[in-house]
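Next comes just one chain, in structure tokens: the form predicted on its own.
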Amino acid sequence: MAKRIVVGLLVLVAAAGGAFAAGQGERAAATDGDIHIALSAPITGDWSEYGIGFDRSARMAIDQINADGGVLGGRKFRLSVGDTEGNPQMGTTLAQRFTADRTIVAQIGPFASSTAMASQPIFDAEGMVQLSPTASHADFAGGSRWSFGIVGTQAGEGPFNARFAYEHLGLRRVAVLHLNNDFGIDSAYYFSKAFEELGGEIVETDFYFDGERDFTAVLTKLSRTNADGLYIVSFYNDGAAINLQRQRLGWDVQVLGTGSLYNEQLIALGGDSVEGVCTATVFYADDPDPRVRRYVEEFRSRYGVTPSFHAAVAYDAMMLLADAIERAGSTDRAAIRDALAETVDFEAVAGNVTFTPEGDAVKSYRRLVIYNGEFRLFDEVGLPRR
């Protein structure tokens, strides 16, 4: 189902809750000294939960930074949020608006690799930081000196999951089902390449389009390959539907997927069909690390839900941006970019951040499994009985 494309529609929500115009923003910046940050995310549409998580985490980070005295001798942050609707064309519209507003010093987002890569030339041409919490396509950050990816790339996650499948789950013949977009294609490629290099066999690869809900035909086709594993590249809503329909077909196979599955809603929607599903993540909500505990407890206190890893890396993005501005000693766009590029071992809730020369964060991952209806560390519990 194609997403609705609305050219020129812009939904901007300022941190105080109101809309802004460029001229108003310039007058405010001149009088109150606030540091103006933009966030682009899918606030509406199929991926709205992720965009809302971005928004919540970024605001929570800003509230904490401002309460601690801000940066640069007491300057506070304010946030404007633009809704991409999960649509690359809307992402480019927002990029044009954000870069044209000279009060905005940097942007966090977008969410998806496709949207981030579509809007990248605009940020590059206008010289504004594009710090994406979740764009993991291996070609994203390297496409512009102004682009940075904080979550790590599929060039790192894919091989990690391949080793998980081959060395820990004992899989040898794997079928792959992926979302047909930049993220999905990239993820499937890096997993498959690494799995075959380990000695495994990719017996079949197939895809589905965003918005599809009936996976019966493709799952029936994949089940006939006699694969001992199924690798899925999807978000939790699709992942739940895929597993429910797989269960109804009677296909008993070990399922492993990308970190995008790590969300409590996968279990809520998928029920016992997702028991034993494995994934990997850069953020684990039950981590005893004090930084993680503070973030998770504050998020739960504010919003009544456990943050997903997507929300966590958005929190890290805002904290990292504030740190870079402090290190730069300036809100000049180029100075912020240079300070970000020099980031080494920044302490974050979703794993410390050091940027490569291309602007990618190098991440470490944890193996997870759904065990008795909960996400648990695989290394602690192993697989549930089947």
Partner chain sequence: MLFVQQLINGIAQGSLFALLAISFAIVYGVMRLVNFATGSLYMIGAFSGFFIVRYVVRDVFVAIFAGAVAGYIVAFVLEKLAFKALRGVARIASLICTIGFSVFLNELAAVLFGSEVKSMPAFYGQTAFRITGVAVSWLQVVMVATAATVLIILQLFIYKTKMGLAIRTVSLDYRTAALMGINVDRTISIAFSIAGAMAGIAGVLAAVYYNAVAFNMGNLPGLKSFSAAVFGGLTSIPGAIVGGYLLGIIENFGVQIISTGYRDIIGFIVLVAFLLFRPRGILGRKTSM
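Positions refer to the first chain, counted from 1. Every value quoted in this text rests on a predicted model; they were computed, and no experiment measured them. Basically, rigid core = biggest C-alpha set you can superpose within 1.5 Å across the two forms.
Note that the form predicted together with its partner chain isn't included here; everything after this is about it.
Engineer: Which one, 289-297, 151-159, 207-215, 72-80, holds residues whose non-hydrogen atoms are within 4.5 Å of its partner chain in the model of the complex?
Structural biologist: Single hit among the candidates: 207-215.
Engineer: Verify the flagged residues Trp146, Thr343 and Ala348 against its partner chain in the model of the complex: is each one within 4.5 Å by a non-hydrogen atom?
Structural biologist: Not a single residue of the candidate spot has a heavy atom within 4.5 Å of its partner chain in the model of the complex.
Engineer: Do Ser330 and its partner chain share at least one heavy atom pair within 4.5 Å in the model of the complex?
Structural biologist: The answer is no: Ser330 has no heavy atom within 4.5 Å of its partner chain.
Engineer: How about Arg248: is it within 4.5 Å of its partner chain in the model of the complex, going by heavy atoms?
Structural biologist: Within the cut-off, so yes.
Engineer: So in the model of the complex, does Thr220 come within 4.5 Å of its partner chain, heavy atom to heavy atom?
Structural biologist: Judged by the heavy-atom cut-off of 4.5 Å, Thr220 is in contact with its partner chain in the model of the complex.
Engineer: Quick check on Thr354: any heavy atom within 4.5 Å of its partner chain in the model of the complex?
Structural biologist: No.
Engineer: Name the single residue among Val253, Ala194, Leu269, Val203 that comes within 4.5 Å of its partner chain in the model of the complex, judging by heavy atoms.
Structural biologist: It is Leu269 that has a heavy atom within 4.5 Å of the partner.
Engineer: Of Glu326, Glu358, Asp34, Asp46, which residue is found within 4.5 angstroms of its partner chain in the model of the complex when only non-hydrogen atoms are counted?
Structural biologist: Selected option: Asp46.
Engineer: 2 Å or more on the CA of Glu358 between this form and the one not shown, with the rigid core superposed, yes or no?
Structural biologist: Stays below the 2 Å threshold, so no.
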